[in-house]
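What follows is a single chain, given as structure tokens, in the form predicted on its own.
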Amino acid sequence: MSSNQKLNRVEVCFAPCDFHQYEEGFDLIVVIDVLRATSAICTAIEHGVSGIIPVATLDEAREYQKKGYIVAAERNGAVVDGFDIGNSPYTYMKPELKGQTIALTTTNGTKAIRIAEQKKTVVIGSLNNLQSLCDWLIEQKRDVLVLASGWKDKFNLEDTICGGAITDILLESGQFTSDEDSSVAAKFIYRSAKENMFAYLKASSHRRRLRALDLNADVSYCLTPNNVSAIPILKDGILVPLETVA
């Protein structure tokens, strides 16, 4: 890169409630909800699901149910009574879901997607698709804002680690810079955690919730980098495979 070439920015927003303080100047948003919504979405697209409709509320989800959609609903880590499935990534590997469009509502992730939906480009990130996502982001030569879904508008460790991973890779490319302390903090938290994220997150609040629900297999899957390559992108309100968008 020439010495006078402008660097793009990459910043991390820790929770949706802070989005309005970070969003100015960014039209490419990466939404992450590691445990488990965005990990499930990336897995779904990788395994042939045609599209995921992110839905903010249970009432809206019930409207899709009435229309005949497969509807997935999760609150506080558990499948909501009356709905087909939740947000376990393993659910979306089932062959019978291939080619389907699924409406999905979760405690945190789908709300964050909806908050960002007015931006020009919204893509879905996770540790699962980390390298393919970062390779694509570097190619875009645009400013990138990573929006962590957090837990009910609060900071959480797992999304911060993923945001830090994205930030670290983009900074290492030499094409990005960061200004915000949140981005610096996320990067160093990721560096502290990356050798054993499962152990690092052992005491985290959402890890404890999922462990209580006997979902350690989901946690292990979601904390495994680069086991998928799909990059879901929001197009007309539906998350679809990046390669299908012109």
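As the structure is a computational prediction, the values presented were derived from the model and not from experiment. Residue indices: 1-based, along the sequence shown.
Beyond what is shown, the protein has a form predicted together with another copy of the chain; the following relates to that form.
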{"query": "Listed residue that, although another copy of the chain is not shown, lies within 4.5 Å of it in the predicted bound form (heavy atoms), from 28, 185, 215, 53", "finding": "185"}
{"query": "Stretch from 176-184, 217-225, 65-73, 45-53 whose residues place a heavy atom within 4.5 Å of another copy of the chain in the predicted bound form", "finding": "176-184"}
{"query": "Touches another copy of the chain in the predicted bound form: residue 189 (any heavy atom, 4.5 Å)", "finding": "yes"}
{"query": "Contact of residue 208 with another copy of the chain in the predicted bound form (heavy atom, 4.5 Å)", "finding": "yes"}
{"query": "Non-hydrogen atom contact residue 155 with another copy of the chain in the predicted bound form at 4.5 angstroms", "finding": "yes"}
{"query": "Residues of stretch 117-138 in contact with another copy of the chain in the predicted bound form (4.5 Å, non-hydrogen atom)", "finding": "none"}
